[in-house]
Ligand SMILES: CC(C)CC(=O)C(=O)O
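One chain comes next, on its own, written out as structure tokens in the form predicted alone.
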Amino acid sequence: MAESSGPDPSGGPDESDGLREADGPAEGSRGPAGSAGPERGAAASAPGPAASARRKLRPEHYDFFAGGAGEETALRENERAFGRLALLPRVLRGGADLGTRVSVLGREWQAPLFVSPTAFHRLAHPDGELATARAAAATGIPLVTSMAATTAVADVVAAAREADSEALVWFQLYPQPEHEVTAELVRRAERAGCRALVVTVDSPVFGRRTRDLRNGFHDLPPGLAAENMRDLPGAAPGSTRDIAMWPAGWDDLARLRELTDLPVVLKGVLHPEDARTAVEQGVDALLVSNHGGRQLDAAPASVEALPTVIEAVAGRVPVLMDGGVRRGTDIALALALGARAVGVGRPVLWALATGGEDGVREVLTALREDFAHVLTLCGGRRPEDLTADQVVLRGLPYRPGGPGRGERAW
């Protein structure tokens, strides 16, 4: 990326999916993605959040946010995989003291939900990441701000803290080939007041984003840049550097750990052996993610990879997940399968494009309230009440005797 810090293929909405136009109904029609997800009836013909955002955005900017790699199979499957799962509710469990709080890395969150890192929010709205940060803080939802943000991390954290002095902001980081560049980015995140580093490790090369290639979308509009990449070592004063994608190794992760006392969350883990190695290497948490279908198109849906990662980790560190989350049922399914919390990406971008700060606040509030409703219907009073034996595949009969206590039914 030159001064305009063009559309870094690594830095798009890498945490949740959008569907191609050829896939029929408006994106987000399966769940709230901006509303609390009422039953489909008279309102079913109303445009979904992505379709509404599409009307607001330039076509190439919409495609940058919505698109994925290759044939966009992984992108579509992130959302469709949730639709193949069902929840077995428990009954007569009593108690009215519902609570949605969870503990992650020593901090209590109001709900098992966070905003996943997505790039270039100022393409969606002039206030960009500042609006997103204020809205997330106002709803008590942690924000992971992207290394490819169009607002510098210090300003993002300051905006969040304006809304809530205790607002939780994490910084997403791609380790760079030049150690001094990575070190400076880490120092900036620390000075800004970020509470953790989310290190993305699924991008040894850029994913081939079909829509961006088709549109020839290579540069941000004048006046916009990936501001975290400005004034870094090796760049001319006042200019920005490219975000490099390269095949980092476990030794690079170890060097990163030596730079900071901040907790390190490893993002992009899908294979259970990588999860085991990461825990052995001392990471503080894992984030199961297929980059919103923007890297390897043959990758499984995040929720499909989640159970084996949970098994490999065996409770030693918290496991988070993102990709395809659109409604409270999705949150509940991921938690039942072992995730501590889940992230949303594209729904936030659609809300930002159509409603600015108010829109983001509304979609996060709707998701939190929808999850609380689903939790109650499942017989739970706390997120940890959701268990793997409540998850079944649709269309398949139970095995004789049904699932045992604590077992998955699929």
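Nothing here was measured: the structure is a model prediction, and the numbers come from that model. Start at 1 with the first residue shown and count on from there.
There is also a form predicted in complex with the named molecule; it is not shown, and the following applies to it.
>> Counting 3 or more ligand atoms within 2.4 Å of any backbone or C-beta atom as blocked, would the named molecule, superposed onto this chain from where it sits in the predicted complex, find the site open or blocked?
In response: Blocked, since after superposition 3 or more atoms of the placed ligand lie within 2.4 Å of the backbone or C-beta atoms.
> Only one of L113, A148, A131, A299 has a non-hydrogen atom within 4.5 angstroms of the named molecule in the predicted complex; which is it?
Replying inline: Residue within 4.5 Å of the partner: A148.
>> If the cut-off is 4.5 angstroms on heavy atoms, which of these, A332, I243, V283, A225, is the one near the named molecule in the predicted complex?
In response: By the 4.5 Å criterion, the partner-contacting residue is I243.
> Of 201-209, 257-265, 132-140, 87-95, which is the one stretch near the named molecule in the predicted complex, taking non-hydrogen atoms within 4.5 angstroms as near?
Replying inline: Within 4.5 Å of the partner lies stretch 201-209.
> Does the named molecule get within 4.5 angstroms of any non-hydrogen atom of F64 in the predicted complex?
Replying inline: The answer is yes: F64 has a heavy atom within 4.5 Å of the named molecule.
>> Check W170 for me: does it contact the named molecule in the predicted complex (non-hydrogen atoms, 4.5 angstroms)?
In response: Contact check for W170: no, nothing within 4.5 Å of the named molecule in the predicted complex.
>> Test of understanding: in the predicted complex, would A119 fall inside 4.5 Å of the named molecule by heavy atoms?
In response: Yes.
> Does any residue in 302-325 get within 4.5 Å of the named molecule in the predicted complex, counting heavy atoms only, and if so which ones?
Replying inline: Contacting residues: none.
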